[in-house]
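Starting off, we have a lone chain in the form predicted on its own, written out as structure tokens.
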């Protein structure tokens, strides 16, 4: 039994693991963030964990952070929400003694599950069945859920991208009906959810099914090409997704904004069609830019690397069929110019104007 749950139960309170950690456990995924729900009030929670380090992560809303096994566990009093304001937060929170009331206020059925080793799984919204069917379904009326907290709309898309679940029809319809409410959410909160979506495994399915919503969020048309095949680099995926580099509203940090802007401006650049011209085209950029450009043009880079292997192409001096000693025997003076000459030979071989065999190289040098 989880240490936090056990401590509360031992002190006479109800306590359960709740939400995403229960969902992930049922999916066989590793647990990261652990949340606990309890009938203990915030002051009672503080008293139970008086010998632990605690944090005010939302005591006004019933949540206390407790450092357990080097992780901050959020422990929240059972509550039922009343009217919301600004499409994000309840005007006031009412604590309740009912676990069922607490579960029924949550966003999606797959997240409205509670568990402890004494009572087992508590599921009053058929969340376990929806997990089995790989369905994202709002708890109760989806219009109400999204008007309470518009960020739930983007969370639904993020969960779809991460889990590969389908969003059930009524919830999907409510997303399209209400997505404009996301204008009421702080850009930083949008940024957190959207970034996780962009790097998710099933992002292409989200882009296909909710193109209009994503375009509303990024404030520009999005390109239709798939982005999930590329490395899970936020910068590279944004560069493939966006149609232009007007991205200030995405609230990304300065370095990330600069890199994405660079990639968008260079993503359609015609990099070389041979090993030599490719390396030459990339030489003007710094190492980080080269790495990201290579990811952005992964298909082309992969093709050239395959060609290098299949045709046994060369790209460094050590692979030449001539060396410095042979050049000296041909009459060239020993010294730095030998390396310069070898680089000229390498350039000629890589560009395709010279065969990499000793005789051809010697004949080519004589003609120079």
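Bear in mind that the values here come from a model prediction, so they are computed numbers and not experimental data. Numbering follows the first chain given and starts at 1.
In what follows, reference is made to the form predicted in complex with a small molecule, a form of this protein that is not presented.
**Student:** Within 4.5 Å of the small molecule in the predicted bound form, heavy atoms considered, which of 123, 166, 149, 209?
**Tutor:** None of the other options qualify; the answer is 149.
**Student:** Does residue 56 make contact with the small molecule in the predicted bound form, using a 4.5 Å heavy atom cut-off?
**Tutor:** Residue-level check for residue 56: no, no contact with the small molecule.
**Student:** Does the 4.5 Å heavy atom contact test between residue 24 and the small molecule in the predicted bound form come out positive?
**Tutor:** Residue-level check for residue 24: yes, a contact with the small molecule.
**Student:** Within a 4.5 Å heavy atom cut-off, is residue 191 in contact with the small molecule in the predicted bound form?
**Tutor:** Flag for residue 191 set to no.
**Student:** Is there a heavy atom of residue 196 lying 4.5 Å or less from a heavy atom of the small molecule in the predicted bound form?
**Tutor:** Yes, residue 196 sits close enough to the small molecule in the predicted bound form that at least one of its heavy atoms falls within 4.5 Å.
**Student:** From the candidate stretches 257-265, 244-252, 100-108, 126-134, select the single one in contact with the small molecule in the predicted bound form, where contact means a heavy atom within 4.5 Å.
**Tutor:** Of the stretches listed, the one contacting the partner is 100-108.
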